[in-house]
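Starting off, we have a lone chain in the form predicted on its own, written out as structure tokens.
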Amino acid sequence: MNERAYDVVIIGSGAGGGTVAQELSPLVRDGLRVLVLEQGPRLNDDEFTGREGEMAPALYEDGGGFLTADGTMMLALGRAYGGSTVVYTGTSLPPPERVIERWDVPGLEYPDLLRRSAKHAAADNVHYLEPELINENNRLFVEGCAKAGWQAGQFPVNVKGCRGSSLCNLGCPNAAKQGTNRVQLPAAERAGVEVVTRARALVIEGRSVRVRVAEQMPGEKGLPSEWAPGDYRVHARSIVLAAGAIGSPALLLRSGCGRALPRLGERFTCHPAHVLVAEHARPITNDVGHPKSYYLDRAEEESFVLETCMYFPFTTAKNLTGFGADHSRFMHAFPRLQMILVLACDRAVPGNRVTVDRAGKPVVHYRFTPEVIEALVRATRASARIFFAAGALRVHAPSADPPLLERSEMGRIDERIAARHFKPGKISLSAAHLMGGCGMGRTPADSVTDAWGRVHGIPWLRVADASLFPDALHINPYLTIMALADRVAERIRSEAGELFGVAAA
């Protein structure tokens, strides 16, 4: 067993881990050693080809096919230098005040989160896209919303020099998206923070982490690990978990923390989602330009959010219900397809949680409540109205039977799209906003950490990712994670004397 020693070990390099790494880099000037462990590889810029078959296995857990325990929903987990910030679309909204107040976490105040979100939004060049980068798929959504009686909002995005490749979910091939792989991690490394890739944290044993560094396999994308392949025991005076809403609770469960933390793994939410497509009479610019520029927020009123989207042929094909001629017809109409992503704003409910199996692998248990199903149905009905208002000829709606709605059926949308047709396992459902599992709160009886990410009863162990959320956020969690991670890092710096014997940075 190889032995290493650091003052701070950060597990994960995404929105949480990357932020903590940069915010703790001043400690390096004081002579402290800070290490980031990332399970995925570090890719060269020229390796981001945009080809589905190449990029999915290089950037996602299980190649993008990680399933819930019953196989009814696919969960997208980024696994690379930069975590999921490499593979998301760049949408960057501050946390909603209504949600933070509903969380009711002592010591967590909305103005503080808003200030920290704004700080990181500025650092990541978050702004509204220029009109010339708004493609027709997005313009039709705005037009359809207006004609249907709604007003779409524009997403601010964290890009710089976007060329409109529409390949955000496969890693930007133009280095435009300002994820932690472009901003926080390079800044941290320049300041002396060490990053080791292909390094999987197996278990926490006291103030040490057992780590397995994987060898780069022949043909694999990315660089070899910075450490030689093999097993390591990494000692640390402080450990920060930022492995995500699945990785962080799973690591704590493998480490035997469940006995002292009965809420560990609970309150998992994920915004269950699926893609809707509609066919127009003419080609539209759907796969050129930024894919996700507008949204419709009905979270508070109807528990759903609609987002523009553009998915690649394989992802589109798997989201279409059915087989044979009808499926083939829609796929051959790909250049004429308008797309909307529907997301249900789920709530934390008993039973939806992260566990581990006998081998220590994470298992996600998720049950679709009647409320979530109804939210997805309402979202599908709203999308159908937007599609038809924008001029679509026909709409593919998985919660209709049959799933194809012609324009002549516009008056029957509520009748044709119904909860009785929603059958998990027959509808292709996915989720990328994974939240909860190490929720903040008051005591071990109701939570895993306090408002500053400190694990109850273990002051040297912190959490700094979306697993901190006590309930779903209603929006993309990117900036909220960064704001929470900023708080975690600030508290570590303020306690530097107690933890490391140096003055507060």
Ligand SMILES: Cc1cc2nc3c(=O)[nH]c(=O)nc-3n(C[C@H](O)[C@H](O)[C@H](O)COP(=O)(O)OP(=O)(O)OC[C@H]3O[C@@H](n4cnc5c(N)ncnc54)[C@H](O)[C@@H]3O)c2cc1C
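Throughout, we count residues from 1 along the sequence that is shown. Note that the structure is predicted; figures quoted are calculated from it, not measured.
Not pictured, yet referred to below: the form predicted together with the named molecule.
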- prompt: Is there a heavy atom of Q39 lying 4.5 Å or less from a heavy atom of the named molecule in the predicted complex?
  reply: yes
- request: Spell out, yes or no, whether the shortest heavy atom distance between V240 and the named molecule in the predicted complex is within 4.5 Å.
  value: no
query: Can L337 be called a contact residue for the named molecule in the predicted complex at 4.5 Å between heavy atoms?
result: no
- request: Answer for P249 alone: is it within 4.5 Å of the named molecule in the predicted complex, judged on heavy atom distances?
  value: no
message: By the heavy atom within 4.5 Å rule, which residue out of Y295, Y366, F304, Y88 makes contact with the named molecule in the predicted complex?
response: Y88
query: So which of T269, T380, N169, N181 gets a non-hydrogen atom within 4.5 Å of the named molecule in the predicted complex?
result: N169
- request: Look at the stretches 79 to 87, 232 to 240, 369 to 377, 395 to 403 and give the one with heavy atoms within 4.5 Å of the named molecule in the predicted complex.
  value: 79 to 87
- request: Check each residue of 3 to 33 against the named molecule in the predicted complex and list those with a heavy atom within 4.5 Å, in sequence order.
  value: I11, G12, S13, G14, A15, G16, G17
